[in-house]
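A single chain comes next, written as structure tokens; it is the form predicted on its own.
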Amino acid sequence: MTEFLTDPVFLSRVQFALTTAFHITFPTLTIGLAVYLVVVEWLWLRTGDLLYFRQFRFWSRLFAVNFAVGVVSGIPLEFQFGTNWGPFSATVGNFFGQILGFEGTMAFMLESAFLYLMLFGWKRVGPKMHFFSTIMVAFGSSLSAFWILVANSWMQTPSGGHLAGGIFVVDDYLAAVFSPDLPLAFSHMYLACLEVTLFVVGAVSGANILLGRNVPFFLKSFKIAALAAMVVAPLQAFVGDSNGQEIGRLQPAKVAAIEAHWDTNKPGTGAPWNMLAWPDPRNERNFFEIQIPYALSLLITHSPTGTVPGLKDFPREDRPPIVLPFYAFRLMVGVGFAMMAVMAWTVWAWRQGRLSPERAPGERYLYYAWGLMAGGAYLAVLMGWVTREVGRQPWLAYGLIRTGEGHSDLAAGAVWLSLTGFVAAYAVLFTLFLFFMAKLVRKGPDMAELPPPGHGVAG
């Protein structure tokens, strides 16, 4: 353990993981909440129902706080490519740097410019322009996610160029942008953003219904979130399954590590799925394992006897860590199934008439489940990211540049100093975030608020 604490490469990885894990929780909600705001503003314009206008006003305040912390926490990530991962940036910067630049200038600037009109432009622009601004904020936040996934997917499956003299030279820009990993990885991540948002909206709404505060208002937002989640949760399971198959084709060593699968199954036999196991990398086996026969072949190839390469097929120096992705993946999948169970419960309660304004406050345990799943949705995002990034090791760009080769010449003490600073700064930032979010939620919607003149029905 001591050797890890004095290893600057390991410490830089910890620092990047910590700052990413902190940052990623904010844009996931921002992206989904922006879509939610588009929906409720469209319903407001279409129906003239003041409840939708007030929905927009309440949730847009939470959006603003979340957006601000997301921006502040995201800035250090890009700086670390220069401070801690200089050789990597020098090798791939002529492509990777441009992608991060696109994210900043194309997506973030678009989102920021229209954010002002969305939050403060009610008295300055008409309803159509305001709605357009909300759409642009949602589009900008989604575009930002796209460019970040372009960069990350390229690290998973580098394409569209070659190394020449230690520098990545782009031969086909479109092939580099649309790397093989991108379509399903972006879809999987985007649906995760929507899931986080829907369960956060549902959990906040459920808590307020339980407390008897503005029940008609929060019952409306709870039902909108529940209806959308009934579609998104199963769709995410389908996309996740497809993504698993694709990773099996593109990064077989990663799948073997995620599944603690050591030996390639022989022709005509199925690879078992390790439901639980404790890997022993030194001796290339598992200390113990609880298996389901044929299940891994079915999951990865959709054939009971499909071939799944085992870890022993890959040189030791090319194998990812096993324990972390193995259990992170199972946590993510477990939360996904729990979400679908909560959805089934919600459908049943709705069909039984238990979500009427009179009976809804009595559904205590249903709202507890939604609250649990809101936290679970964040956990699933983080565990998915851990599975994805740790499973890519020992490569920074898969098969192109190793993690150790891309690290700056830094002393462990220097990394410890910056790591400690990030922990302290993020602790303060997170405390402020919780304070302001709790204050806004406690205050609740302003049920007397009316739209400004020219923005629909008054009174």
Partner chain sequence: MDMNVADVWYWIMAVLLWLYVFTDGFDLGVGILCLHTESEAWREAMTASIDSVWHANQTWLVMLGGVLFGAFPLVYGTVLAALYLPAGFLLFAFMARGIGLEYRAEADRKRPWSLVFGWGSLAVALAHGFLLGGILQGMPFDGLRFLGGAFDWFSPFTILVGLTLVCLYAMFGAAWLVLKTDGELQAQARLWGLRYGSATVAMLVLLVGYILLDGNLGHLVGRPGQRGLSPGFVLLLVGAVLCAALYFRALGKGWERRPLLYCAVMLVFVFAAFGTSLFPLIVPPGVTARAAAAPAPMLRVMLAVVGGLLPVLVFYNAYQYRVFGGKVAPEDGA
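None of these values were measured; they are calculated from a predicted model. Residue numbers count along the first chain shown, from 1.
There is another form of this protein, the form predicted together with its partner chain, and it is not shown here; the text below is about that form.
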| query | finding |
| --- | --- |
| Its partner chain in the predicted bound form: contacting segment from 168 to 176, 367 to 375, 334 to 342, 202 to 210, heavy atom within 4.5 Å | 168 to 176 |
| Single option in Gly270, Pro361, Gly121, Pro309 placed near its partner chain in the predicted bound form, where near means a heavy atom within 4.5 Å | Gly121 |
| Position in contact with its partner chain when the complex is considered in the predicted bound form, options Ala113, Leu235, Leu276, Ile292, heavy atoms within 4.5 Å | Ala113 |
| 4.5 Å heavy atom contact with its partner chain in the predicted bound form for all of Thr2, Trp385 and Tyr398 | no |
| In the predicted bound form, Tyr36 touching its partner chain (heavy atom, 4.5 Å) | no |
| Leu29 within 4.5 Å of its partner chain in the predicted bound form, heavy atoms | no |
| Gln15 within 4.5 Å of its partner chain in the predicted bound form, heavy atoms | yes |
| Contact label in the predicted bound form: Leu45 to its partner chain, heavy atom within 4.5 Å | no |
| Contact set, 67 to 85 vs its partner chain in the predicted bound form - heavy atom within 4.5 angstroms | Phe67, Ala68, Val69, Val71, Val72, Ile75, Pro76, Glu78, Phe79, Phe81, Gly82, Thr83, Asn84 |
